[in-house]
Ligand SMILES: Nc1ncnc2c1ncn2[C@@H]1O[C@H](COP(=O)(O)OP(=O)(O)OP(=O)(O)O)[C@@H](O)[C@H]1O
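Given next, in structure tokens, is a single chain: the form predicted alone.
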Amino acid sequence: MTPQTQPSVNERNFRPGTLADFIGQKQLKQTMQLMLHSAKTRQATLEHVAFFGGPGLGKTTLAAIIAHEADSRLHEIAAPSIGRPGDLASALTMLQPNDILFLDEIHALKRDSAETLYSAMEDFKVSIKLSKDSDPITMKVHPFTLIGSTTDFGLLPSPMRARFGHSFHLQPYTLAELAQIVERAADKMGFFTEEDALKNIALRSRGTPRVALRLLRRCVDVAISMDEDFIDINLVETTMPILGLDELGLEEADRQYLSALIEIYRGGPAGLGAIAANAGLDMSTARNIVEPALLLMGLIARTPRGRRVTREGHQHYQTFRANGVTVNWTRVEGADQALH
């Protein structure tokens, strides 16, 4: 296949339309299928559900699938975009019976808006004030299903957590599941693949389909530049160094973290804040992106006293040092003094 005949590449093109086609999250799919079947049989509105887990694990995709399986309309809103309770109330009153409202990053919902949501979730009504000194006006809303998505379920207020019929923790994907996802996406894009190449991409994907698909697209870029329609292990190994990834998929930020923990704290234990500061990382990046990947790969461990490097972490550190990969400490404020 030549570049001129390539189909449009978009991550949404790769998203499955049914639970049966969704790869991974077996326990979640079984429970969700039971809930959907029960709601249809009873001709009832599906209970509110929450999805929590790291970014890129399929929360938005699952919301779209549930809407499709329930024959419902899906409305997507990013919670940080809701400025006032009235904005949320307006969205809720526009819902039709059995519609599904997907609130992404629901943990970022402001307190007054969250309180407006409580009565809507439980009693299907909202109360708002038109002005500061006016009495609240109560309006009914049609029965609907709320799907809340968050990377940190613990940040949700307990009254909100209690109103979800079920909460699902999305787990990192296995290498076999990621390889399946990559293979299906490559096929849709018109590219042949070999098993070793699929495993190689999966290994570098941090247990996350979104990362796997991003790496696949970069392999496709290289394949197109070479006028190839076959993604083999050699092409993958050619692509990854261009992206700054090593054999485990570590990026510079990951190596900064690992190097700080080993070189400054002699392998630990050390607190996340101290490691992030010395590695030149902001706390959000260290906590939500870097550390989960290093934990998943078994390169670090959490202990009651702090983070420690594992034997595998030391071995991998020695590997990238032996390969000439070094950390640019001069741009990390305070790190050069900490080394002495």
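So that there is no doubt, residue numbering starts at 1 and follows the sequence shown. Source: prediction; values computed, not measured.
Missing here is the form predicted together with the named molecule; even so, the following discussion is about that form.
Student: Answer with one of 281, 57, 35, 28: the residue that has a non-hydrogen atom within 4.5 Å of the named molecule in the model of the complex.
Tutor: Of the candidates 281, 57, 35, 28, 57 is the one lying within 4.5 Å of the named molecule in the model of the complex.
Student: Just checking whether residue 210 would be counted as a contact of the named molecule in the model of the complex - the rule being heavy atoms within 4.5 angstroms.
Tutor: Within the cut-off, so yes.
Student: Verify the contact flag for residue 321: yes if a non-hydrogen atom of it lies within 4.5 Å of a non-hydrogen atom of the named molecule in the model of the complex, no if not.
Tutor: Residue 321 lies outside the contact set for the named molecule.
Student: Report whether the minimum heavy atom distance between residue 72 and the named molecule in the model of the complex is within 4.5 Å.
Tutor: Outside the cut-off, so no.
Student: Residue-level question: is residue 181 within 4.5 Å of the named molecule in the model of the complex, judged on heavy atoms?
Tutor: Although the named molecule is absent here, residue 181 would touch it in the model of the complex, with heavy atoms inside 4.5 Å.
Student: Given that the partner is absent here, state which listed stretch (271-279, 57-65, 295-303, 311-319) has heavy atoms within 4.5 Å of the named molecule in the model of the complex.
Tutor: Of the stretches listed, the one contacting the partner is 57-65.
Student: Listed by sequence position, which residues of 276-298 have a non-hydrogen atom within 4.5 angstroms of the named molecule in the model of the complex?
Tutor: Stretch hits: zero.
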